[in-house]
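Next up is one chain by itself, shown in structure tokens, the form predicted on its own.
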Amino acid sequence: MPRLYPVERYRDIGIIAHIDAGKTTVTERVLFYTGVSHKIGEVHDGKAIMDWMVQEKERGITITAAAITCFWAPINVSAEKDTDRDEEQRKKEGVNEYLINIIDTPGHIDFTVEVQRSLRVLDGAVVVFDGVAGVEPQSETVWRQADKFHVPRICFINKLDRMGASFEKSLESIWQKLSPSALAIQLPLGEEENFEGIIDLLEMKAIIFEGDFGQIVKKEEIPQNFLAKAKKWREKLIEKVAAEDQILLEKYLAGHEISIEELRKTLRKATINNKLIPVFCGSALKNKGIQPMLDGIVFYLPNPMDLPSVKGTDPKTGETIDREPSDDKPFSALAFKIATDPYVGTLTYFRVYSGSLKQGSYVLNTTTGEKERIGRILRMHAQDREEVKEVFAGDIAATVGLKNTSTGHTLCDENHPIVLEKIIFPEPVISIRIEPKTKADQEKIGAALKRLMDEDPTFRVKGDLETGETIISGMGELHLDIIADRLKREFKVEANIGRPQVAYKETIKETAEAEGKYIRQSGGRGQYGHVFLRVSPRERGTGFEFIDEIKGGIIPREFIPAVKKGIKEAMDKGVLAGYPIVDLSVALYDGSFHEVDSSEIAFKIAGSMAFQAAAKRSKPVLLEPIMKLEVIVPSEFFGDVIGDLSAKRGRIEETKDRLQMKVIDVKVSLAEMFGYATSLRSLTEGRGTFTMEFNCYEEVPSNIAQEIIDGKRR
């Protein structure tokens, strides 16, 4: 089956934002105007297509990233779009259409993994901002994630019809907090209740949206009272775009007219190189501004050919390999999400970087070294799916029934193996104990938790050997709440949930040395292992490093991995209160062995003993997760809320005004934040809101550390 759309006509994009900025509403409008849906679904009444999980409909939030494919011809090219034709028909008629793969991601910090893995496989992003609030804490988080993966982006300032909305203030907050490269290419035509449409600064036209759903787009002359402002902003736009191209700059300085085509071409190049960030505006709920934003996706965001070819390594030689986004190259793809579908089973979402993949063919998973057969290939439309026979470079699709493939694994042509860069996920910060209610639940819970763990790399399950309990860990209370809800609804497992526990960690502050000697004689062959270790602290967040300093075969090479294994096992148990030890280096610098009695197990035990002894001498301390909190409260409750936060060991970083509300930025220990939603509600008569995200690990104050240690021992 031939490719229907050339790769230059592909746009693989994500929609990212702070919670409640209107991402899903923007996506719903996109689906309506591109003809995927014939009626508009709203988040607030639980009818949004992209929020298809029961929990998403009930809570009105996005939990899981949903993928969808749609088609768009820019309004400049064809204003009236007939979307009731199949792809083949459209292609034959030569409509200037683009294939857009969209991933709508969650805004809540507990589901940050969904944003991270989506950005890893996307070529561009639309960052949505609330026109009243501007840049919010989670906007900064998703922006940093996009920076990390070098994702070109455009901005959409939404909700400009709301009271207190200001395009200029929101743009100012983007300049101050995120990037001075943001560039307005539209202005709103009025604001708050007077918001009527938008001004296109490139074409110098007013765009008005008519019809029941704003589906008719009309371009008119800019009203006289907006003209002077529009000219001033256009001058800024031309100056910034011209500065990105030598020829345009000379033209501009000589006072010559620069055509819209030249501006667009230069702005596209600058956007793809992350030099400029075009800013659009509108109100998704009021159906204004979405079609020009879709044009912006086509005009300014990259197709797979615009970006550097994907890099990977040869699993045998470790050499770097480049793969261009061409159908003629060997097949390579990255699995970025595993989902359980009640109708078809396990779905593996993947992004094709090169080559093509046919139904029924075999691929190699270079991460596990196993072959997998590709059964059905599905193009996803949120929870609906369309079966296709073949996918090509640039496609985002899903397949059913892969046995041993999970998030971050590389799938490729078995004759041309490649390992693509993996996705690194944050560690969980909160744990709860969970126990099945009945014998029947006990049999089902293991399989259910395994499936949830396969889907979500930030969700962990481990058994507590001392108490026989099961402990589940995640990114926040809401995260674990959703997991418990899914266990009950999807997997029909009833379970008792314990109180949330903080995921403390331990680390060391000084360098220390210790000896570990394990000797056992019990008739016949004995056991002998003997090592000297030096432990040293490392910078926070740098993890564990093992240094082998053994010279001249004092310890035979085959026993060194066993020593490392013993150290790692001892690190998991900690030396203060049983929490994992992090951020340290361990050097194995001396020891001895016995010709007959030495064995791997003896050296493993010796390594573990030496490590525990050295760690106890190196000033071990407890670390706790510190959260970044933004609290928004009416002014009259400001004093009470500040007092409450101070009592919770909160460090107030900044307070600012937003309309009649006060915004408090604070760093606070996660241990103090359980049940904060309830206490904030009672302090503010239900009018206060907050968002919280993980910031870093910090040392626990000594008096509290002692309580934790004593509590653990009891």
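Note that residue numbering begins at 1 and tracks the sequence as displayed. Bear in mind that the values here come from a model prediction, so they are computed numbers and not experimental data.
FYI, the form predicted in complex with a small molecule isn't displayed, but the following is about it.
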Q: Could you tell me if all three of Arg11, Leu122 and Asn303 have a heavy atom no more than 4.5 Å from the small molecule in the predicted bound form?
A: no
Q: Could you work out which of Val126, Val310, Ala284, Val241 is the residue within 4.5 angstroms of the small molecule in the predicted bound form, going by heavy atoms?
A: Ala284
Q. Pick from Lys444, Arg234, Arg433, Arg162: which has a non-hydrogen atom within 4.5 Å of the small molecule in the predicted bound form?
A. Arg162
Q: Considering only heavy atoms, tell me if Ile19 and the small molecule come within 4.5 Å of each other in the predicted bound form.
A: yes
Q.
Within 4.5 Å, heavy atoms only: does Ser354 come near the small molecule in the predicted bound form?
A. no
Q | in the predicted bound form, Asn158 touching the small molecule (heavy atom, 4.5 Å) | A | yes
Q: Could you tell me which of 664-672, 683-691, 648-656, 22-30 sits within 4.5 Å of the small molecule in the predicted bound form, going by non-hydrogen atoms?
A: 22-30
